[in-house]
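Here we start with a single chain on its own, the form predicted alone, put down as structure tokens.
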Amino acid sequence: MSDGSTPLTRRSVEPVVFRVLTLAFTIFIVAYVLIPIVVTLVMSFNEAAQIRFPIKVWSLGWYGDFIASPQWTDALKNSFIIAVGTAVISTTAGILAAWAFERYDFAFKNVLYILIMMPLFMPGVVLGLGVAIAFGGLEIGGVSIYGSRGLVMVAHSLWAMPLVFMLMEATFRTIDNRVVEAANDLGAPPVRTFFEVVIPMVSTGVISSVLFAFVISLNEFVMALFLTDRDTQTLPVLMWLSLRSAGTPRLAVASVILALTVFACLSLIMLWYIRQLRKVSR
């Protein structure tokens, strides 16, 4: 009896143990992600001049201080402008490259694939220093591009574009090629087919690529530290410089703004994905 009941007992216990371990691991991951964000959010309401815990007096004063500071608002504006430019550059280049790799065969395809993906695995300090050395002395119309927003956009695209390329290459593989071939058979030019047939079918991938590239640029710090000056420094760079001198709750406010922006981007991706699913289900 005991020999026959042991396997049955194991079969009944193993799913329960696995479920408990899975739940515990999920709770650990969620707590690991949320605790730093929640602590930063709480510290942004501290009235003290230094980041200190526990909070004695709660206040929105540092939010007002952030908004009233031209240095911090200019850094935030620079971050958004650079992030938008990076999203445009990397999404355009990544989509076109992914479409070319998915649809056509050409010489040195594997080598080019490695070259496209290589910046993604390079340290930011290497890329930032390399861009600074390569383009630091370049002038356009007598104006040096070093310290310009455009140079930072190009540098950030070195990281963002490979991610867009990977995402869109996988997305292009999901489309029904019969629809594309039907459009070509009906006489639609390749460019028109691409924009009016292909892009609508991969709109979720395109939206995700744009927002991912935007978030990568918004939060990037190392390359921006090498390539910006006082007038074009981004919010992460200013946070780093301020942290070295004085750790005020203004840093927590800036962190909350960045975190909320990332959350908003992820929410947009999910809402768009749900919208597309509902369209398909109809």
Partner chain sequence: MTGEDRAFTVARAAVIRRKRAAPWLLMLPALIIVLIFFGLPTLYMARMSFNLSEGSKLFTPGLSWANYQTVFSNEVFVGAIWTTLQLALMASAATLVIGYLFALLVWLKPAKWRLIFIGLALCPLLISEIAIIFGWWMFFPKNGLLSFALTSSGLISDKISLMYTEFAAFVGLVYLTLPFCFFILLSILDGIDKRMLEAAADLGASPLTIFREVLLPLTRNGMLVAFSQCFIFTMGTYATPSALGPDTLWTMGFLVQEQMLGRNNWPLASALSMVLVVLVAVMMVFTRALATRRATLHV
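Only a predicted model underlies this, so the values are computations on that prediction, with no experimental measurement involved. Rigid core: the largest C-alpha set superposing within 1.5 Å between the two forms. Residue numbers count along the first chain shown, from 1.
Note that the form predicted in complex with the partner chain isn't included here; everything after this is about it.
Contact annotation: residue 230 falls outside 4.5 Å of the partner chain in the predicted complex, judged by heavy atom distances. By the criterion of a heavy atom within 4.5 Å, residue 170 is excluded from the residues contacting the partner chain in the predicted complex. Contact check for residue 266: a heavy atom falls within 4.5 Å of the partner chain in the predicted complex.
In the predicted complex, at least one heavy atom of residue 252 sits within 4.5 Å of the partner chain.
Every member of the trio 22, 89 and 248 reaches the partner chain in the predicted complex with some non-hydrogen atom inside 4.5 Å.
Of the residues 48, 39, 60, 67, just one reaches the partner chain in the predicted complex with a heavy atom at 4.5 Å or closer; this is 39. Residues of 113-136 that come within 4.5 Å of the partner chain in the predicted complex, judged by any heavy atom, are 115, 116, 118, 119, 121, 122, 123, 125, 126, 127, 129, 130, 131, 132, 133, 134, 135 in sequence order.
Once both forms are fitted on their core, the CA shift for residue 67 between this form and the one not shown remains under 2 Å. Here residue 34 counts as shifted, since its C-alpha moves by at least 2 Å between this form and the one not shown after the core is aligned.
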